[in-house]
Each structure stands twice: as structure tokens, then as C-alpha cells.
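Next up is one chain by itself, shown in C-alpha cells, the form predicted alone.
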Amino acid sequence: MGGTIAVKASDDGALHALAAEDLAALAPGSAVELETVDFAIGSSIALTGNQLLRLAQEVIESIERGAEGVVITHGTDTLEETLYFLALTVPRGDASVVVTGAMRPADAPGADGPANLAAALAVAAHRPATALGPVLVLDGLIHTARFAAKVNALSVGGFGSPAAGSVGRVVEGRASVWLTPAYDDYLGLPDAADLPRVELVRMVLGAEPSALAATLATQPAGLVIDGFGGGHVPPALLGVIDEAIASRVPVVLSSRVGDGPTNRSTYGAPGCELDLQERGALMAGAISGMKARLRLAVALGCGLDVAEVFPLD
């Protein structure tokens, strides 16, 4: 899927240079039999909903053809979103699904791509990992899709799971799984060429209703509002939220904090969770705004009742 793991320096900056077979050659000591597929080329910032749908279908079909594990190399800028999309659309079964990448280009001093790929292959071949759902493997740690997040823009240990911690690790080429999630994020794979458009709007101090109103005017299929604290908005925005709900546009409130779920039953002031839920908004629960956006889009694409898929505990 492109990304830093597949780029090298050029006169125009670091650009895509390595195909899937080139990447496979970076892990010559792997004991698994590899079949390589070049799916996307370039930066992960350019990926689309259509590509995510096709990727999930490719993963499902690879497993149906007999693959015991699927490893996806991916740019780290949007890795956590693709990872969570796969958790939403690829059912857990007999095969591991592992996403990895790199924080340094392939020809940079101390390039981390080969080590990350080797660790990802080890996890994909580790039978207990099939029970985890799609996971991120980077810097020797295993992170589940629901909680994996990019926590540093440049460090080789750029990912973590702030709300839950990692669930395993890879040491000396051996994978260990410590914890298996008691939850499953799977909803289904929409049968469509693209995802319903769900917009994400982040709250800041003094936010005016104009930005949210302009977003609503584009007629999105859904709205996720990345709110203050436990999922709160300035009272000045409540009229626009009422308009969205009256227009049958689902509105989901997430927390911009990055760790901890949204409230459901504590604060009653205008713009807080009791008031918002009374108006018909939904609380995201234990996922970030980015992931709530994908969850809402997949739910809408599958024709599900969004009130049944939010909030997440």
C-alpha cells in the first residue's frame, strides 16, 4: 500500500521506489511462503474510500483462497484509519491480518522497515494472533485496531495504544500474544463502489456555528463532532446540530482528547452529553473521532441502525 516503508530519496524528495517483491526481499529469513500483491503506490494521504473497500475485499478473497495470514505495508499517516476499517469489514477467522509500515525511508540510516516487516510476518504466522482481529505491528509491539494511534510524528516508536496498551510483542523473531480483546468491531463490508460521506469536525475554544453549518450544507451522509472532554460542544452550535438531526443526518460525538471514552450520563449543561443525547445525537464511546467517522460510514453503507453501533464501551 505504498508509504514510507517503500520510498527512497530522490532529487524531488523521498518517493515510492520499492514494489511488494522488493519489500519481501527485506525479510529473507522469514520461514513463511510469501505471495506478493502490489495494491497501491504512493502516499497514504491520497487513499480513498473506494480503495479501502477494494482492499478489504482483497484481504477477504486472499483468506478464502487459503492465505493463513495477510500482511499489509502502509504509510503511517493514515495507517490507524485503514487498520480500523479492516476491523470493521473483515471478519475474524482462521487467518491473521497485520498492518505495518516504517517511520524512516528505506535508504535512510537506521531504516526501520525491514525489522517491522519481519515482525509483522512473525505475527501473521502466529496462530494465537488470528483471534485479535486486524492488528498493527511496529517497533516490536502488537496493537489492536480499536486503540492503535500514531502518537509521535517522527519517532520509530511512533505508535501506541494510549487507552489500552499493546497486546503482545515480537522478540528474536518470536511473537507473543498477552491479551485477546473481549470485543469485536466487525460490522460488515458495504456492497458499494464508495463509502457514504461522513464528515469530521473538531471543536476548538470559541468555535462558531458557521463551519459546522457549512459542512452540513454539503449534505453529508453523517457527521462526527470531535468534542471537548467527554464529547461536548459550545452551546452556539446546538441549532446546527438540531438542523442536522431534523434532516436525518446522524450526528455522533467523540472526544478530541485521544484517551478515554465519551460521557453518557454526567453533565447536563447545554452542549454536554445529556443535552446532546436528548436532542438525538449519539456518543461515540471508546474510539477516536477518526475511527468513529469510519464506523459511522460502514454502518450507513451496510444499512445498519446507527443507534445500534454507538456508543462503544
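Numbers for residues come from their place in the sequence shown, where the first is 1. Note that the coordinates shown come from a computational prediction; the quantities given were computed from them, not determined experimentally.
The form predicted in complex with a small molecule is left out here; the points below concern that form.
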ask   = So which stretch, 249-257, 268-276, 61-69, 39-47, is the one near the small molecule in the model of the complex (non-hydrogen atoms, 4.5 Å)?
value = 39-47
note = Heavy atom within 4.5 Å of the small molecule in the model of the complex, from candidates Thr89, Asn116, Thr76, Thr144, belongs to Thr76
message = Please tell me which of Ala102, Ala122, Val97, Val137 lies within 4.5 Å of the small molecule in the model of the complex, judged by heavy atoms.
response = Ala102
